[in-house]
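The chain below stands alone and is given in structure tokens; this is the form predicted alone.
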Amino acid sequence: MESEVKLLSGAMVTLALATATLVIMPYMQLDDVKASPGLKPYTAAELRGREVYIANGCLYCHSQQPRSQAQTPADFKRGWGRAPVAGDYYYDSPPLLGTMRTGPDLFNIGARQPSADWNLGHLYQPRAYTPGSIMPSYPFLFDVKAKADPGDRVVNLPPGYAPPGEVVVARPEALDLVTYLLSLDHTYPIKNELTQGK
């Protein structure tokens, strides 16, 4: 009986230490984080686009967390931007950090690729813009019509990728997704307290 009490006590102490280290301490560190200066709240269209991003599993192949130059210089050389700080995710609930990088990091895609036309075309047919891309196309976010209606957003595709005699029109979900992607522009200056001290 005595060994069971010791085992149970040891397990409880281990659980308490793990909870304090993995839950309570990070909460205390991030409890008073403010939005980074220059970060703006999402608009209604950007929030709808964020939902489309989640629903289509974009976060499974794309991260939103470039690493620091000291950790991985390649991220900076690729033009993915500076390493993020906690305040960069202030309006993200949950933060869409991503789980792997099958595709490029999108933390600053709005600065790297600010063209809505490019982003719409890339969603419709990625290989038209990035030869050899393994990204799937998302044709269900678009309508193919004989003629565009007034108010339609026609996607200008490179020669050979548009359906013959028809036009590709972005659906509202595609427009919202591109609005969200274009909002991912974290090029504003920050004070990195880890490197500059508090």
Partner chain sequence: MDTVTTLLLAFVISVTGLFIFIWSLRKNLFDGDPAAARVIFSEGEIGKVEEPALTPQQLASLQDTVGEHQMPEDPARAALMHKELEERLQADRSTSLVSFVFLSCAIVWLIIASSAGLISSIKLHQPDFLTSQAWLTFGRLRTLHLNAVAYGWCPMAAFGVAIWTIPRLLKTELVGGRFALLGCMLWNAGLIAGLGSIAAGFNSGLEWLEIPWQISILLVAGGALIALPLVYTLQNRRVKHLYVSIWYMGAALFWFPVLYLVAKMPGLHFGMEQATMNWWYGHNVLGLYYTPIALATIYYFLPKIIGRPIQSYNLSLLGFWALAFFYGQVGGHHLIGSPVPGWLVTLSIVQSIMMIVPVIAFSVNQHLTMRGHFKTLIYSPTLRFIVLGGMMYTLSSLQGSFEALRSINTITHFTHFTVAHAHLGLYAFFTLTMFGAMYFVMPRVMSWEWPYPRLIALHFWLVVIGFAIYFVGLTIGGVLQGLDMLDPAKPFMDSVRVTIPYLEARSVGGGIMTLGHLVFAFHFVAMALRYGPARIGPALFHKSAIAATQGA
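Positions refer to the first chain, counted from 1. This structure is a prediction, so every number in the text was calculated from the model and none was measured.
Note that the form predicted together with the partner chain isn't included here; everything after this is about it.
Engineer: Closest heavy atom of residue 115 to the partner chain in the predicted bound form, within 4.5 Å or not?
Structural biologist: Heavy-atom contact with the partner chain at 4.5 Å: absent for residue 115.
Engineer: Does the partner chain come within 4.5 Å of any heavy atom of residue 191 in the predicted bound form?
Structural biologist: Although the partner chain is absent here, residue 191 would stay clear of it in the predicted bound form, with no heavy atoms inside 4.5 Å.
Engineer: Please run the contact check for residue 81 against the partner chain in the predicted bound form: heavy atoms, 4.5 angstroms, yes or no?
Structural biologist: Output for residue 81 is no: heavy atoms all beyond 4.5 Å of the partner chain.
Engineer: Heavy atom to heavy atom, is residue 59 within 4.5 Å of the partner chain in the predicted bound form?
Structural biologist: Yes.
Engineer: Looking at 162 to 170, 36 to 44, 51 to 59, 148 to 156, which lies within 4.5 angstroms of the partner chain in the predicted bound form, counting heavy atoms?
Structural biologist: It is the stretch 51 to 59.
Engineer: Even though the chain is shown alone, can you say which residues of 96 to 115 have a heavy atom within 4.5 Å of the partner chain in the predicted bound form?
Structural biologist: Those in contact are 96, 97, 98, 99, 100, 101, 102, 103, 104.
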